[in-house]
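Same protein, same chain, two forms; see structure 1 and structure 2 below, as structure tokens.
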Structure 1
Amino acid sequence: MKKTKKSNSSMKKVGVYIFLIMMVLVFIGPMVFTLLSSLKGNVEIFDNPFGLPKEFLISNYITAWKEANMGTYFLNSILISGATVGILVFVSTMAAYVLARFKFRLNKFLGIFFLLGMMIPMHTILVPVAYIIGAFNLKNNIFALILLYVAFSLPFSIFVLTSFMKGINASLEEAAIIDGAGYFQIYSKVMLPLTVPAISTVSIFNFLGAWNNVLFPLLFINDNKLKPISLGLLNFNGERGSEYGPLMAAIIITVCVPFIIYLLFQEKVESGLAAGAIKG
């Protein structure tokens, strides 16, 4: 009896492993194929798609980075995503502080007002935004693009930060008031440090969001010097789509930042996504 139970459970384990390994092949196969191809020449990509490269063509990466401008796009994206997060954190923590800590007539209304923005798909407001961008001559203006990202990230960020701040014990702030601190001092010296866990979740989530977005830059950035990496990658494919090796290298360059962020902040990335899930 005991024996059959044991072999039964090891059978089950084998079954689970077979299922997982099959899934892993479906998931990792395309990624490994891209990584391997990024080190091969055109002929080898087609003749030997799944084998190791005969010689590792690091030159594909140099071609992508320099000649195909992926380096410029990469740095643009670092700047755009970084500034988006910087402005967003500043603006949304200030709003969240007020919404979490002060009672006033419009408090509830404002909370819902910001929350409703989560429902709006980018496509719904594209034409009016294009009109505004055109009317104020903001085409090829990185700052306008950043503000657009901030606006779209505000609902989620204010929602997460407000609920986190509401859970913070108020005694530290009361102590600060007794010490004669003003609201800005309480916000910056007491509230911000205590909110760091939520701020990092919001930052990572929205950094990735800005890094991955292509729709807004597609419409509002056509200067090659200002394009972010998602759009630059499309550009590269459109202009020199037959240089497979460098193109695969460009894909790897594009995905490496989200990948590194995941490796560094695994838990934060996952909890950020789970928090994002609440918004539905």
Structure 2
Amino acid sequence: MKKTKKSNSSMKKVGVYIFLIMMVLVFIGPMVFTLLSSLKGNVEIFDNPFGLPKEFLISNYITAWKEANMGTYFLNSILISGATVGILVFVSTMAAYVLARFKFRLNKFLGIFFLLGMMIPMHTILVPVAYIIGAFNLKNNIFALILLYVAFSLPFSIFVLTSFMKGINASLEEAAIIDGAGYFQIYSKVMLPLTVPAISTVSIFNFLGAWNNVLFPLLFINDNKLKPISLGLLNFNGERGSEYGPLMAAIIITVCVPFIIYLLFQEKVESGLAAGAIKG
């Protein structure tokens, strides 16, 4: 009986490993194909799709960066995503601190109000948002685009940070008050340093959300000089769709920043979410 149980468990483990290996191949395969194709010409892409290139065509990246204007789109996305994250960290941490640490009549109402913001799909309010953007003449305005990203990401950020701050020991604040610290000093010198894991988590999610967003730039940005990289890639596919080498290079340029950021900070994302869930 023991032998049969051991054999069954070992078979299950082998089955799980085979399944995981297959899933890894499914997800990594397209990325490997894209990376290899970004260094090939059109003919070689079709003749030898998964083989190493005979000649590494770095010119594909130069074409994508300069001629297809991906460099400008890349810098625009860095500016938009960075500003979005900066504003969100400042606003959401202050709001979360108030909701988590202060007791007042509207505390629960405000918490539910921000929570409801997570339940409203972006697509359901596109018409009123488009009307407001048009009425205030905010088309082709990067700051307006940043504010849209901030507005839609704020409920999630406040929810995660509030849950995390509620779990911080109140004795630390009491000690700071005894030492003569004011509310802002408690916020900046006690709460913020302790909330770094949760701040890292929401910052990465918000950065990736702003970086990958296509809908808002597609509707509100027409000027080529102001377009982010997600919209630039869409235009590249339309204008140079037959140039597969530079197109694949443009895709690699687009995904490299989110990929590197998540690769470097994946542990903080997971630990921050887990800590927030436990503390909440």
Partner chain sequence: MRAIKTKKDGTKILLFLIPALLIYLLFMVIPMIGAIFFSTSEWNGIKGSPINFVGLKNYISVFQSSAFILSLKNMGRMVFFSVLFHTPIALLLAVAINAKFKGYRFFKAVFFVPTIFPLTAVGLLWYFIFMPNGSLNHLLTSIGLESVVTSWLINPSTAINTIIFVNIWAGIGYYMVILLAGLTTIPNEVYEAASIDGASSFKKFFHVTIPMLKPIISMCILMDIIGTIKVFDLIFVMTEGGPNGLTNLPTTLMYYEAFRYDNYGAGSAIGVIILLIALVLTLGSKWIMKKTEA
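All residue numbers here refer to structure 1's sequence, counted from 1. The term rigid core refers to the maximal set of C-alpha atoms that superpose within 1.5 Å between the two forms. The shown structure was predicted, so the numbers you read here are calculated from the model rather than taken from an experiment.
Here the form predicted in complex with its partner chain appears as structure 1, and structure 2 shows the other form of the same chain. Once the cores line up, the CA of Cys256 ends up less than 2 angstroms apart between structures 1 and 2.
For Tyr17, the Cα shift between structures 1 and 2 is 4.6 Å when the rigid core is held fixed in the overlay.
The two forms, fitted on their core, place the C-alpha of Val26 2.5 Å apart, compared between structures 1 and 2.
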